[in-house]
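Next come structure tokens for two forms of one protein chain, structure 1 first, structure 2 second.
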Structure 1
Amino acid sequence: MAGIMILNGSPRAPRSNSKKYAALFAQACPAETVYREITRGNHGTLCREIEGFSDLLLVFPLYADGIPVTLLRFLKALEAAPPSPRLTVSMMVNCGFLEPGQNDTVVEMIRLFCEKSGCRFGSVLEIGSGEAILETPFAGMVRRKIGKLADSIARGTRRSWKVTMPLPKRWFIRASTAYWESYGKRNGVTKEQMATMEIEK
């Protein structure tokens, strides 16, 4: 039992922000890491593979204030497996909104998962403005916190951090509006079309 399995729990894992955060973690980590993505069919394989690791790092987006279904399904399978009591589960969650504290509830959910499945809860990094921060001058702030998370997991200490863009909220809203507007533009959709009040029309 050694090394850290980094598990991407985003439903769009191959093109996800979580994948980028995971790659930064692997770069920064002094211990050995392997990276995996959850698919519908690989729960059993992952559960078996995890037995060879001392640490599991869950990297995932906040979805509707909770655990994305892709990860939730896997956690249920892992609880049933069940994992070794020596396994330590850490997490790096990113959310779209500015306030990293919007992830606080999902941190408690992963803690409950650990209690139910009998493994140890480890370290936590909560990232706000996670959809865009890596494309801004603030990417270095995230990298530094990821470095701390990596050190803490490698050394077996349990700690928590938060990081986000250090922007006044109004500025963040302006920046995010521009971000989404250009996202739509790439699809040939205008800001007005994106702002439609109609649902399923």
Structure 2
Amino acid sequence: MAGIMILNGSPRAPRSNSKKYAALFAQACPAETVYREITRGNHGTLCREIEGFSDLLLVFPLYADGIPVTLLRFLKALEAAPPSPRLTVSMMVNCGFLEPGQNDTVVEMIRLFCEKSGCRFGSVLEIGSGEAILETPFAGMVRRKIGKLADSIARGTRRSWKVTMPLPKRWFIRASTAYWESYGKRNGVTKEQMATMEIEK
């Protein structure tokens, strides 16, 4: 069937910003969309479900300048069992850096995956300041770009966009530091704990 599968590749998909971005895309998209989240055990199910879809939209955060392992493992499964007919893979990636260009390397990784797996590489939206921007007056900038991405994929065109908060870097660092300290406090985590490698435990 024709349509767009939105695939959330965040390691914390059920409570992720990627889920919020995916919902905004679905609201803006004129084509039929289906939303799914990657788990450790559903790779085979997702690969089968993708069969017949014309488009796949990967929505995920930048992790250590690359693809998060949750999504990487799924892509390996998809490459081993490619859908037929070959689908177009688009992407919406967000990073915590102010500069959306920090996502450029991961865009090339997905482009390489498409070349190796026989998929068409589609449209791209790179979002900077991704963890905070939806909670600011600049959220409308992201919504407009997501609308353009949705229209592009629905029309079968291939375009690329970047968006971030239009702030001086020093302001962004100050604001993001305050945001994370407040976030940690709400969750019972101190500034000192966030500065250690133990935070993931």
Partner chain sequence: MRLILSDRPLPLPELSSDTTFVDLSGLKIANCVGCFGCWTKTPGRCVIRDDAVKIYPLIAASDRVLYVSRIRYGGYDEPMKTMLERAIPVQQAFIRLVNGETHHLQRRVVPKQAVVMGYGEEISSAEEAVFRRLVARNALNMNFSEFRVEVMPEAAVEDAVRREAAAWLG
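Note that the structure is predicted; figures quoted are calculated from it, not measured. Rigid core here is just the name for the largest C-alpha set that superposes within 1.5 Å across the two forms. FYI, numbering is relative to structure 1, first residue = 1.
So which is the form predicted in complex with its partner chain here, 1 or 2?
-> Looking at both, the form predicted in complex with its partner chain is number 1.
Rigid core fitted, then: does Thr190 show a CA shift of 2 angstroms or greater between structures 1 and 2?
-> True for Thr190: a C-alpha shift of 2 Å or more.
Would you say whether Arg86 is displaced between structures 1 and 2, judging by a C-alpha shift of 2 Å or more on the superposed rigid core?
-> Yes, shifts by 2 Å or more.
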